[in-house]
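The data below hold one chain only, encoded as structure tokens and taken in the form predicted alone.
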Amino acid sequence: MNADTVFETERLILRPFTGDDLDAVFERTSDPDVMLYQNCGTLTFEDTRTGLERTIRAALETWPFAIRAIVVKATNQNVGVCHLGPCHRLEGHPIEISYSIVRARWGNGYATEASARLIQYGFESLDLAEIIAAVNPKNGASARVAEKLGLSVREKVEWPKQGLVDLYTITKEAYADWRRACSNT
């Protein structure tokens, strides 16, 4: 695998971002509901362009970790982002899963499906010991995604601009148990 690796799920393609994603990214980053629990708040078109350029460069620089556009196979529509990489806000830079979906596509399970694929990649290909997710306790939808992925709250931590957030975690062993449980249903 390399920095251009594309991941697939039943309904989704997780691919590197390109400059052609700008309008789709701006739809997400300019929406106050989508950005409510993001540290940066809503973004202007120019801030989104700058952020997308930084994301494209970071994807090359941070490989083997992954930041990927979430694209629906049936429509070829970019509906969000999923990221597996170091969390620079926490000491030791644990590996974090994060996700964000455009509001028009909330409730379709895309964040869960995309994140599950990157978590699988993290444990099975990168041999990670643990993956975390930082979730604002007011963000019930994001908490449900983390819980569906087998993560559980380990502690509360101070987060910039948000105060205390729930730090969810899953170990490689818990992930193996979660996968077995999912395959038995």
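The first residue of the shown sequence is 1; numbering continues from there. Values in this document were obtained by computation on a predicted structure and should not be read as measured data.
One more form of this protein should be noted, the form predicted in complex with a small molecule, which is absent from this view; the next part is about it.
For the marked spot (Thr9, Thr18 and Val71), a heavy atom within 4.5 Å of the small molecule in the model of the complex is absent from each of the three residues.
Contact with the small molecule in the model of the complex, judged by any heavy atom within 4.5 Å, is made by just one of Ala66, Ala134, Leu52, Ala116: Ala134. Val34 is the sole member of Ala58, Val153, Leu128, Val34 with a non-hydrogen atom lying within 4.5 angstroms of the small molecule in the model of the complex.
By the criterion of a heavy atom within 4.5 Å, Gly109 is counted among the residues contacting the small molecule in the model of the complex. Among heavy atoms of Asn78, none comes within 4.5 Å of the small molecule in the model of the complex.
In the model of the complex, no heavy atom of Pro160 sits within 4.5 Å of the small molecule.
Put simply, Gly140 is close to the small molecule in the model of the complex: some heavy atom of it is within 4.5 Å.
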